[in-house]
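Single chain ahead, by itself, as structure tokens, in the form predicted alone.
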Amino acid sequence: MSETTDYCDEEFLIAAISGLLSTDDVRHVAVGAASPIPGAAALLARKMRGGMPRVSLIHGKATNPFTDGGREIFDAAGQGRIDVFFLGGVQIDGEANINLVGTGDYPKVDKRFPGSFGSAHMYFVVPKVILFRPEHSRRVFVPKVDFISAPGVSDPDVRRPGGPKYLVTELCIMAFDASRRRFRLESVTPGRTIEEVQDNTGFEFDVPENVAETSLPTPEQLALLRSTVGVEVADTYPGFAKDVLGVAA
């Protein structure tokens, strides 16, 4: 394979997310627990931008500035000191509502999941929330979530400085327009098609006349991931760094 195509799926997603963190308004990125791909993307963006943004990986060692757990990160977000956070969901619908509780008719759910924790708070106060779910299927992207753990949009009289801005999956990147309560296709993974995205999405979304391909990881990005950035990733996710990036802790 050529230098730019010799990458794994995880490295592709890391590079794609990293590109969304390259703007000057992104000064502080916080990443929750068990999120090695967004965490690696934030560290890669920091390396590519020469030290910005600040990156806080919850449960990390050298990369975790919070000493009081969830309470401290929620306070920081509420004070406007976090610019980007990542959320996922068992289900996500076309209005960017997310479900982290369970599937089926609540409260008698068919399957129960860990729960919402602070997702609703972060969704309301962090200016740029990136929804991330590698699997792109109608099982995940549904017409309407069974339970709203955190709403994607709010009524006009509700003060809400934060909310969803992007959705990143194995098939595509979508942007979210809160005023229209609707996603718009931004780019498609190379080798995939718009029709494939539509077939695997349970809600309607806007498709512009020209849809780009999501950028591939560059040789520079891959080299950093497999060396200095990988070492930083290993501080929090040693198994991921070793198995995916080939970097030992």
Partner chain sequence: MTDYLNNVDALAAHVPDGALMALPPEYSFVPMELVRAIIRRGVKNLNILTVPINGLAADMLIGAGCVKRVECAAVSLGEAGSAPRFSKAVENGTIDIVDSTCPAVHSALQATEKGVPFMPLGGIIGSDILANRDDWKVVDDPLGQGNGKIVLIPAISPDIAIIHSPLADRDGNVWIGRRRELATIAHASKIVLVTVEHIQDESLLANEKTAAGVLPGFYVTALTEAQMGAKPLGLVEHYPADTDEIATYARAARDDDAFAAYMQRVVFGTQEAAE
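Because the structure is predicted, anything quoted here is derived from the model rather than measured. Numbering follows the first chain given and starts at 1.
Not pictured, yet referred to below: the form predicted in complex with the partner chain.
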Exercise for review: Could you tell me which stretch in 79-87, 128-136, 143-151, 162-170 has residues with non-hydrogen atoms within 4.5 Å of the partner chain in the predicted bound form?
Suggested key: 143-151
Point to revise | Within 4.5 Å of the partner chain in the predicted bound form, all of N64, V109 and G118 (non-hydrogen atom) | key: yes
Review point. Going by a heavy atom distance of 4.5 Å, is D68 a contact of the partner chain in the predicted bound form?
Key: yes
Check your understanding: Applying a 4.5 Å heavy atom distance criterion, does H59 contact the partner chain in the predicted bound form?
Key -> yes
Check your understanding: Is there a heavy atom of F176 lying 4.5 Å or less from a heavy atom of the partner chain in the predicted bound form?
Key -> no
Review point. Does any residue in 82-104 get within 4.5 Å of the partner chain in the predicted bound form, counting heavy atoms only, and if so which ones?
Key: V101
